[in-house]
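Quick heads-up: it's one chain on its own, the form predicted on its own, in structure tokens.
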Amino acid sequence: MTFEPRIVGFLCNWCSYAGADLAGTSRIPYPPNVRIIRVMCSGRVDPVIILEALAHGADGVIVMGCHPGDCHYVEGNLQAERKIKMLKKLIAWTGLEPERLRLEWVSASEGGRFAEITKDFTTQIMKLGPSPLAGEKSDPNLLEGMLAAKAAAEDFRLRALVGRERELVEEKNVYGEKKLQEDFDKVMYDAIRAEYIRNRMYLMIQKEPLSVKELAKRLDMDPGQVLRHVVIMRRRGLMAVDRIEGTSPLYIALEVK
């Protein structure tokens, strides 16, 4: 049986959706695998919605917006670009292939381009195969990773970094300084890694009390690194000591208010 990918497509109202419509009215053939959702701007596609689609078994997600400089809302498409860049790094931590997510620019007059992109992305997803999160027997570890990724994507820290990237990299601060892109990328990578790990830990201790050593073993991390995350999570009121076995505290998750 031939694998037919299920792809979710978020298309901006002003350009890419019109491009898709042009492909249809011009009778340009393209695979019917993309389920199109029209949005007013690609910048309005929340990262959590994309992760939700992947967590529920979508084999791929594609976001299409206006070409840079042509956005109906000036910089909405550039905001989408920053979000997708962050999301790809976050998805990689879960173990799911980041190639299952793509961002493309399609104008209202590019019906042919829309068809070609759809064909290419469908072919790419077919090569990757069905999502391990599809069907009734989805990978439980991967699903937990996606839940942790969703929680991380909702975090204020990541949202603030994505929102301020252009300001930090392109504009000078009060001292006339600009942050190098590579420096910002490192800050973003470290933030993504930290928030993902903490949310993964939170999900684990929601199920049962665990020690630092047990958390480190499950996460394949150095216990010292895990302990640093525990300290931060306790300061945030996310975990507390449930009991002590021998000399090891066992931690449980606290309800987030």
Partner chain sequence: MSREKPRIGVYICHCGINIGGVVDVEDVAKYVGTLPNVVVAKHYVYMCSAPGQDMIKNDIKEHKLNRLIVASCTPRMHEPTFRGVVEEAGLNPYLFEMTNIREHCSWVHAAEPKKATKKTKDLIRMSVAKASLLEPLHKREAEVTERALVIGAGVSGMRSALDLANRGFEVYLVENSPSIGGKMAQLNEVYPTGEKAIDALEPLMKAVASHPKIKLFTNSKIEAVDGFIGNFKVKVAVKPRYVTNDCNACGKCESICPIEVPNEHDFGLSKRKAIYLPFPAASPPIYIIDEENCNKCGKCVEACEIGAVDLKEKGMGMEIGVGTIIVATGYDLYDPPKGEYGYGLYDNVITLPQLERLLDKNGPTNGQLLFNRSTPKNIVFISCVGSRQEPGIYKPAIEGQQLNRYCSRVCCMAALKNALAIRERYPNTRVFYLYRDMRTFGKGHEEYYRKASESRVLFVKYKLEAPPVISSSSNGLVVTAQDVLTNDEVLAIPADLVVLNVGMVPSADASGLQAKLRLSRSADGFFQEAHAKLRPLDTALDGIFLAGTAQGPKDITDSAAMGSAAAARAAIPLARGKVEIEPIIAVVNEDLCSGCGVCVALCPYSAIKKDEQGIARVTEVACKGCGTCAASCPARAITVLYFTDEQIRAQALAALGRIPS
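This is a predicted model, so every value here is computed, not measured. Residue numbers count along the first chain shown, from 1.
Omitted from view is the form predicted in complex with its partner chain, to which the following refers.
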| query | finding |
| --- | --- |
| Its partner chain contact in the model of the complex: K83, any heavy atom under 4.5 Å | yes |
| Partner proximity in the model of the complex: K207 to its partner chain, non-hydrogen atom cutoff 4.5 Å | no |
| Non-hydrogen atom contact D242 with its partner chain in the model of the complex at 4.5 angstroms | no |
| In the model of the complex, I36 touching its partner chain (heavy atom, 4.5 Å) | yes |
| Option touching its partner chain, based on a heavy atom within 4.5 Å in the model of the complex, out of K178, K88, K119, R159 | R159 |
| In the model of the complex, the residue from L203, M221, I49, L227 that sits within 4.5 Å of its partner chain by heavy atoms | I49 |
| Interface segment, criterion being heavy atoms within 4.5 Å of its partner chain in the model of the complex, picked from 180-188, 136-144, 149-157, 96-104 | 149-157 |
| Every residue of I125, P130 and I192 near its partner chain in the model of the complex, heavy atom within 4.5 Å | no |
| Residues within stretch 9-48 having a non-hydrogen atom within 4.5 Å of its partner chain in the model of the complex | F10, N13, W14, Y17, A18, A20, D21, A23, G24, T25, R27, I28, P29, Y30, P31, P32, V34, R35, I36, I37, R38, V39, M40, C41, G43, R44, V45, D46, P47, V48 |
